[in-house]
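Okay, here we've got a single chain as structure tokens, the form predicted on its own, with questions on binding and movement later.
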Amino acid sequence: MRHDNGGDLLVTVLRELGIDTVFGIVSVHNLPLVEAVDRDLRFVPVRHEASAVNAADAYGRARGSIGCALTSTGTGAGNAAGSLIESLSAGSSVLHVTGQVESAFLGSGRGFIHETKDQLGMLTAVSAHAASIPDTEQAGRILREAARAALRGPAGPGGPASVEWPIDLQYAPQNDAPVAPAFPAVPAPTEGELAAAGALLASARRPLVWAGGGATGARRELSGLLEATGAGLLTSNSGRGTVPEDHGQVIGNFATSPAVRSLLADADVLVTVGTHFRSNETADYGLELPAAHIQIDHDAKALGRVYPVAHPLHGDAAPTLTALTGHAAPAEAGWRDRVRAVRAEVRATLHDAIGPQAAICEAIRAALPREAVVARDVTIPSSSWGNRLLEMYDPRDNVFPRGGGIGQGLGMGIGAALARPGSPTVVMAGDGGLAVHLGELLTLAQERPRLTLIVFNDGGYGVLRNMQDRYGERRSGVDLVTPDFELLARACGLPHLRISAEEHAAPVLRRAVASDGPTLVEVDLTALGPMKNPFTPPVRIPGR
């Protein structure tokens, strides 16, 4: 098949992938691509390349598929690097297409505008897959191979795939012979490995399960294991919603709480599925797990990497859980009731600890339909209760920066909202994180998605302020000048609402979520009042 230029070829590949919206910034080094996407699909001109990747990332997460970002060469591609690291950390599927100088001068160091040293090497360092298009005969194959590498599935973890495309080759006619990329073999445990793990599970009388992001493709199978055993379900942040969090056996992302530590100490078998035991979810790896540990993961390197494992099962979560459940036996009398009691206890404890912010948590959940995206930046309300107490019912609704980088929440929210225009999206951000990409307020005003941006305003970086107040003698770099958000919203043409007392939360959020466009809701944390205990992150400070 012959295409007039690279933009037409890109549109063909994106349609094959089911992508109808692309995020990026137009440039002299990607103009043919942007023009074709804008003509035939939807091009969203974000204000920063990092936001383009964040939005494409969340677009894919919210749809359970893949997103696409277009950036410029050199500095533009470099601006995208931090968000590519986020996608790499999350294993989320992003096709990142960036420009390059003319193919005849690649690597010459002449000083072309947007030229940089070893752009492909930079992209390789921050992507799961990176490639350069060498001619007009191979562009289609390279784009499809990159998309295949980006897509998460039973055969691999997925992640961002970056393709650089010299500008002269973008303008040239393309010869495309579509060939479906080869799928790598899906790993599977041996019958002997399954039988040995099954024997241990069959002996369990006090079982627990821990689900991470690798379990999200095995929702039915995980629910089946819970029903067959009566096990309690712990989750990492990434595994939330794999089983809806109003299920009585779902304890959730509370593994380091005292009540769950006690439950782990009494459990006789732990089955972990697709979790890599991140430091902030294991008290910097200080959490103790049962020795009778069955671990399922499609990444062989993850098996036993953090915690010892009695039965490592290298395979896709869904069929492996199905096979394992065939060996399951019911828990002892009273175990399911204890799981439910611990579930209630950890929620009640956190609800009490966050004081007046509990009203906001409840109001968000009450205002949203059951399936709606909640995108969360790195901020105290997200880290303390948004990642735990605010219920999730579907993993596609749970969008947050898994790598812990600040300032990515609004870009993610825009991508998620445009991926699922039929339902509302809420973004939780702090004033410090929002300031990283204030320009995306203009993208929000321009595209007008059904998005409620909740800005928790405490005048700076509250998490680090709390750390310095607790462990140090002075503050450094944490107290910031913040804008008048009402004036800022008005300047961008956005409605503004304010929450300064608990009784404001429900009516304000109900009104904002019911809107058919964007609204900025400012939470005045000084007026609202403090949490009972200032939140500090679960990280070690040497010597303190």
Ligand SMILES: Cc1ncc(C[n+]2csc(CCOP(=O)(O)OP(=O)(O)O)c2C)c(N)n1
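Computed from a predicted structure; not experimentally measured. Don't overthink the numbering: it's just position in the shown sequence, from 1.
The discussion below concerns the form predicted together with this ligand, not included here.
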### Query
Which one, Gly355, Pro421, Gly404, Pro369, lies within 4.5 Å of this ligand in the predicted complex by heavy atoms?
Gly404
### Query
Which of these residues, Glu86, Glu281, Asp458, Glu164, gets a heavy atom within 4.5 Å of this ligand in the predicted complex?
Asp458
### Query
Going by a heavy atom distance of 4.5 Å, is Gly430 a contact of this ligand in the predicted complex?
yes
### Task
With heavy atoms only and a cut-off of 4.5 Å, decide whether Pro381 touches this ligand in the predicted complex.
yes
### Partner proximity in the predicted complex: Pro395 to this ligand, non-hydrogen atom cutoff 4.5 Å
no
### Query
Does at least one non-hydrogen atom of Ala259 fall within 4.5 angstroms of this ligand in the predicted complex?
no
### Query
Where, among 214-222, 312-320, 439-447, 462-470, do residues come within 4.5 Å of this ligand in the predicted complex by heavy atom distance?
462-470
### Heavy atom contacts to this ligand in the predicted complex at 4.5 Å, residues of 337-354 in sequence order
none
